[in-house]
Ligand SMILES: C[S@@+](CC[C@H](N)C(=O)[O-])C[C@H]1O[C@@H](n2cnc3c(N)ncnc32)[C@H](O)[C@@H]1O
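Below you'll find only one chain, the form predicted on its own, shown as structure tokens.
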Amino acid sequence: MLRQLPYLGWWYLRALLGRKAPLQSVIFILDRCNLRCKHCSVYELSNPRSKTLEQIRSELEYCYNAGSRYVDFEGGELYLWRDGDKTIDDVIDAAHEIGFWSVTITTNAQLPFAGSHADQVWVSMDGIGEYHDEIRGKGAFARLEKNVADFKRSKPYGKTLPPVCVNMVINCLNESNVEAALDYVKASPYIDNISINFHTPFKETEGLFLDPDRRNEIIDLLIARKRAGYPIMNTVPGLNAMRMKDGRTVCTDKRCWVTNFIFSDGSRSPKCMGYTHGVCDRCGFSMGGEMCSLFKLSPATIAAGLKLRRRI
């Protein structure tokens, strides 16, 4: 981490002076999935896309040359990806070889991921038990529990396992289960922390959007639980930036260009899908709140970002 600080300081100074270069990248490598989630339409695709390792390597080089040093791989479901005999671990190894400081993967944990080469594993969890299954399909939570536990029990001798963070997106179907989910994560020996997002109303998913007043109530709950020692990854300034007033998020300067995106069809965007779909005013992505806080020089957000992205 100490070797990274000069670059981070240089990047931040240039950002304050107006240079909009990414620091992290999100690359979608395939559309295929093994669930039918209510907030997603990937499963409806008749010809799902899947990139080759060489395509991904070229995209990684593009992102690295643009200034990015952290990369998140997403799908579809990453553990369905294949290029001949190559798997997602070969993709992760390619990112490390190019020079990325930290590589994160997002999985629905329906398939085993023990032995992952990632520096951090994000598991999509939308509540406990039936709440998760209501959104993602019957039996999904039981498989998630088993594969997360197996991952944490598979510690190689003399090595440190990557942390596991569950990512919960709160919507009108699971909002009553938030407290239970927080208690579950705090008590779990296999989950390191939880990241909270709110559903962003992309086209044909508007019905999942949470009432703004209820969202603000949940933010109050999250802040209280975080101050009580719950392992909530969001910072207090970041959570406050996700509040809504008059039907809009209070943070109007999200600085989302900090992350660039490359989608499964190879198209590139300097900002997230919320910008291209015109729903930034109802953004529920935690990244938006955290980036807003970062450029307000929030010490808590800066410290949390450095801790999150340290290389294992």
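Remember, it's a predicted structure, so these values are computed and weren't measured experimentally. So that there is no doubt, residue numbering starts at 1 and follows the sequence shown.
If you look for the form predicted in complex with this ligand, you will not find it shown, but the lines that follow are about it.
> Classify H39 as contacting or not contacting this ligand in the predicted complex by the rule of any non-hydrogen atom within 4.5 angstroms, answering yes or no.
Within the cut-off, so yes.
> Tell me, yes or no, whether C280 is in contact with this ligand in the predicted complex, where a contact means a heavy atom of each within 4.5 Å.
Although this ligand is absent here, C280 would stay clear of it in the predicted complex, with no heavy atoms inside 4.5 Å.
> Verify the contact flag for G127: yes if a non-hydrogen atom of it lies within 4.5 Å of a non-hydrogen atom of this ligand in the predicted complex, no if not.
G127 lies outside the contact set for this ligand.
> Using a 4.5 Å heavy atom cut-off, state whether E74 contacts this ligand in the predicted complex.
So E74 counts as contacting this ligand.
> Picking from 118-126, 87-95, 184-192, 227-235, which part of the chain touches this ligand in the predicted complex when contact means heavy atoms within 4.5 Å?
Residues of 118-126 come within 4.5 Å of the partner.
> Considering this ligand in the predicted complex, which of F285, Y275, F263, W257 comes within 4.5 Å of it through any heavy atom?
Selected option: F285.
> Which one, F198, F100, F151, F141, lies within 4.5 Å of this ligand in the predicted complex by heavy atoms?
For this set of options, the contacting one is F198.
> Under the 4.5 Å heavy atom criterion, name the residues of 87-108 that approach this ligand in the predicted complex, in sequence order.
If the 4.5 Å heavy-atom criterion is applied to this ligand in the predicted complex, 87-108 yields T106, T107, N108.
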